[in-house]
Ligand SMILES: C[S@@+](CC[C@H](N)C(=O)[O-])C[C@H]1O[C@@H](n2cnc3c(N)ncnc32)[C@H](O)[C@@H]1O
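Below sits a lone chain in structure tokens, taken as the form predicted alone.
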Amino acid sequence: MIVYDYTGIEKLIERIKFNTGYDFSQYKEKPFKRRVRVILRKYKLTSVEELIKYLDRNKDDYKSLIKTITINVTEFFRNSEVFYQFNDILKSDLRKGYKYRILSAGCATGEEPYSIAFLFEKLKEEHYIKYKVDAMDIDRDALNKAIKGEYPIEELNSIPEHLRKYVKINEKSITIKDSVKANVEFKLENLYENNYNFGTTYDFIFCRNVFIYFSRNLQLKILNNFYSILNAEGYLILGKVETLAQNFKDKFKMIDLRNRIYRKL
């Protein structure tokens, strides 16, 4: 059994910030170490100090290191019951002629914001509504894939049959139709920063499976940002294994405990 030495991990975080601008100082220790362990295995190293020396000699490898730390695991309609509940909330109080604004934070390669868009496209067929999805992530390559909107044909299986009309089905891939893309905008943004502001407020904010990597202080910082850009009685949707910080229990009403859906008070 290989024993890994994490001595110098703070130094590694400083090196990463200096060379890439990404600041992982507010990541939870255990998840961060797990990602570092994956990197050590990749390079057949056993200590963080060895990794630092390697990166000092191979600075171009910082790019792949960032990708490993900010791992993107997603699919269309991931945890589908969340989307069913979201759709029910929408249908229960549709506002004729209203333009809904949705933020997908930590959108990775775009499957989540496009899943949201498919639901709105379906509702638009029967109701006079508009929508705009803003999607943000810190991984430029992931965003480029999202903007392109092309995915392996296998991903079609994750899209409900009645919503597959919003993609072009090719021999080996599927492509999001331009009519859907027109309502989804992708932005390179960092949740750690205070300055992300799209000049609007939102009716729904999705931030799923992101907080599990962040320290409590960083979670509070982000929640404060979300609270300020969420409309009155707007909804915050977290990941199924995430919980709302105690400091915010009097600012949100629990709508769905199982699916971690909260409504701003």
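Just so you know, these numbers come straight off a predicted model, no measurement behind them. One rule holds for the numbers: they count along the sequence shown, beginning at 1.
Omitted here: the form predicted in complex with this ligand. The next part is about that form.
A residue is said to contact a partner when one of its heavy atoms sits within 4.5 Å of a partner heavy atom; Gly106 meets this definition for this ligand in the predicted bound form. Put simply, Arg78 is close to this ligand in the predicted bound form: some heavy atom of it is within 4.5 Å. In the predicted bound form, at least one heavy atom of Asn209 sits within 4.5 Å of a heavy atom of this ligand. Remark: Asp134 does not count among the residues lining this ligand in the predicted bound form, judged by a heavy atom distance of 4.5 Å or less. Of the listed positions (Tyr192, Tyr98, Tyr166, Tyr84), a single one reaches within 4.5 angstroms of this ligand by any non-hydrogen atom in the predicted bound form, namely Tyr192.
None of Thr70, Asn225, Ser215, Thr201 but one reaches within 4.5 angstroms of this ligand in the predicted bound form through a heavy atom, and that residue is Thr70. Heavy atoms within 4.5 Å of this ligand in the predicted bound form are found in one stretch of 46-54, 226-234, 32-40, 201-209, which is 201-209.
Heavy atoms closer than or equal to 4.5 Å to this ligand in the predicted bound form belong, across 15-39, to one residue only: Tyr27.
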